[in-house]
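What follows is a single chain, given as structure tokens, in the form predicted on its own.
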């Protein structure tokens, strides 16, 4: 057994451990079912031999019928029991493993999501997880049942007639060889099919998330054709999988029927010769019929386990992933903040790959008050905001809070100090109240309303059908861009954290509303450490200092007035925006 298989089995055992008692009871019920099924042919043998010998009467046949009926009822009860216990445990394992996947994904950071789109993660938590559940549920039951029934049936058959048993099991080595050969190919083909399913899920997610763009651009037909191409590839990969998987089960059935043919030929001759009785042959064939299911099951189980193990390997890659911003081995406590919070960037470099430098030598400091970050599109403003919010990892000695290196502090503790308003507002399909109170679910309605007023969104919320209890659509689809931004801003204000980082927070807000929000935020800017990256310079009139970023470098710094007087690019943009504000 290779190390990877051992790791997968250890994971499964850890999930099954709390349910070992239920599994033991379930497998006891399964063994009871097998024992009762194995006893029925013996009753039939005695009945047939009694009829053939002329010694049977109505009472003996009635008693034997009652025994068979009682065994049938016992099979019914025990079969319900093992299905309830074993399959129930497999569903609980599925639930726990899904929770582990969800928890693991939430603990990862931006680099992981750059390589793994949401569609592939959703595929893990649906298609792959279902394959694992099937292997741990019906697969495990079928394996145990097949092994027990195979050994028991062969044992009873050997006791009845060893030579006839050897004839009956002669084709089994061919079944074992075929199963081994086909299972190896099954693994690779199932992995390819699962990968294609992830691509299909991601394309679906992207198309539905951007449905407004799809409609506005009139590309429905093009998206449908692209979806069809991926769908055809998915079908092709599944058909390649089916050619292997589909061969296992029929081949097992063929071997079972071949065994039956051999037994009928050899057993019939033995009955004619008087070596075995008619009842013994009937019982032998009954055991052979019971053996046919395990022979077919081995092929089905082999495919099921291969699919389950392949899916479990894909899941474990996510469970084994670690965030780039890992928890420090010995995290330092947060520094004293009685005199406010000072954020410093020192010699910050940020690359997106070999030879692709996005930020270079960034030096800036933000204390209590407002620091503005200006620059043309693509200059790196959003990257700096993401670094300060600890969304993106940085090297040691590049980011500090009150003189302490960020990499020596727990990322969760750092984020507990920072309220972040991203460039693209993210909202949940929940009530307006729940979206604003996301960071403070215990906040009262009065506090939520105060934050909404500061973000100049309260009146519009009250105009909604249910006010603050109005449920907004997925990603806030029922709201305008400006309303989304202001809800996100209200969420950050309500969080009342000592550091506020905003990335172009008012780009979709009209000029009049923007001025109202700025007036409301003046007090917040004075009491917190605020960093605002924006194309709208009206925010910078309240700033203590503004830095200009161009091509990933700081090219100028000063107050809004100083930059408007001496920096040509800054003066040009400020003048244009001032003209736009004039009535």
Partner chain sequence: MRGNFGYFEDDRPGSFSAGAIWKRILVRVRPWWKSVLLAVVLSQVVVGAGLAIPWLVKEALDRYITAAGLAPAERISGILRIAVLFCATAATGFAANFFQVVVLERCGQEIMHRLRQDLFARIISLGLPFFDRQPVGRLVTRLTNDIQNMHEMFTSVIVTLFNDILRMAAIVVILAAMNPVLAGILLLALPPLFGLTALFGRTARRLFRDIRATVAALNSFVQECASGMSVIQIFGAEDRVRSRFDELNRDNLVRNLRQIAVFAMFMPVIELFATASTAVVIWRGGSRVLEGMMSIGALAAFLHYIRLFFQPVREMSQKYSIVQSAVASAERIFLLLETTQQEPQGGGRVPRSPAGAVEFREVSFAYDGGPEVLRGFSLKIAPGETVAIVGPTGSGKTTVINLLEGFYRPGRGAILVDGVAVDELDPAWLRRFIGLVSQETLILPASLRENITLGRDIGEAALARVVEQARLGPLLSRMEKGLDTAVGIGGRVLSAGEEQLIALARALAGDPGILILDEATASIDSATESLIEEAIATTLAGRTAIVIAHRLSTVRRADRIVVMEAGRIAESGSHEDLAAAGGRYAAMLEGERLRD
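Residue numbers count along the first chain shown, from 1. Take the two forms, find the largest set of C-alpha atoms that superpose within 1.5 Å, and that set is the rigid core. Remember, it's a predicted structure, so these values are computed and weren't measured experimentally.
The following text describes the form predicted together with its partner chain, which does not appear among the structures shown.
Put simply, of 492, 175, 362, 452 only one has a heavy atom within 4.5 Å of its partner chain in the predicted bound form, and it is 492.
281 is the sole member of 281, 301, 136, 164 with a non-hydrogen atom within 4.5 Å of its partner chain in the predicted bound form. For residue 504, a non-hydrogen atom is located within 4.5 Å of its partner chain in the predicted bound form, even though that partner is not displayed. For the chain shown alone, residue 91 is a contact residue for its partner chain in the predicted bound form, at least one non-hydrogen atom being within 4.5 angstroms.
Residue contact check for residue 5: none of its heavy atoms lie within 4.5 Å of its partner chain in the predicted bound form. Using a 4.5 Å cutoff between non-hydrogen atoms, residue 342 does not count as a contact of its partner chain in the predicted bound form. Of the candidate stretches 145-153, 402-410, 436-444, 333-341, only 436-444 has residues with heavy atoms within 4.5 Å of its partner chain in the predicted bound form. Annotation for 37-56: interface residues with its partner chain in the predicted bound form are 37, 40, 44, 47, 48, 51, 52, 56 [heavy atom within 4.5 Å]. With the core held fixed, residue 316 shows a CA shift below 2 Å between the shown form and the other one. Annotation for residue 555: C-alpha shift under 2 angstroms between the shown form and the other one, rigid core superposed. A displacement of 2 angstroms or greater separates the C-alpha positions of residue 277 between the shown form and the other one, with the rigid core held in common.
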